[in-house]
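One chain comes next, on its own, written as structure tokens: the form predicted alone.
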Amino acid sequence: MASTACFIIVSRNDIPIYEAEVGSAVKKEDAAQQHQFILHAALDVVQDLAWTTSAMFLKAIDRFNDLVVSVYVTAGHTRLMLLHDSRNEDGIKSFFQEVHELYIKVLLNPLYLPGSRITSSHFDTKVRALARKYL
């Protein structure tokens, strides 16, 4: 079964700083744009939920057809959002935790300006490897 997954990191100012299509399904340009639209539409729900709970992993917060939006909110209110069609909640949580560690390493880089786009090929490679491992 081919899985669909689109991962995005959104800064506290609602600016996407990293995006990746990490699923094994056949990629189409229209589908990529639809995935981005679904994730951006879920930002309002995330913003409301983030202030009502102390949990970082918000699980499944929105659905569109057979796709589910899962979210992990960092302490600095950066949102790690995943659009997927799998039901592997433990794997998704582990994926978010390890990507959060990678994101912290990027933030610790003195040459990285917080809130700017993450262009590191090393970061991209690691995120895609984690997606293959957990999703």
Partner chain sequence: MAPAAPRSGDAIFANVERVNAELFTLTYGAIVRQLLTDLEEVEEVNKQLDQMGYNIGIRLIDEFLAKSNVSRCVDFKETAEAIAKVGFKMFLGVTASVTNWDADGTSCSLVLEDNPLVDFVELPDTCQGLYYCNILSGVVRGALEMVSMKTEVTWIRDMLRGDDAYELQVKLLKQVPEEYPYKDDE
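All values derive from a computational prediction rather than experimental measurement. Numbering follows the first chain given and starts at 1.
Below, we refer to the form predicted in complex with its partner chain, which is not included among the displayed structures.
Though its partner chain is absent from this view, in the predicted complex it lies within 4.5 Å of a heavy atom of just one residue from K59, K105, H77, H40, which is K105. Proximity of S121 to its partner chain in the predicted complex falls within the 4.5 Å heavy atom cutoff. In the predicted complex, at least one heavy atom of N109 sits within 4.5 Å of a heavy atom of its partner chain.
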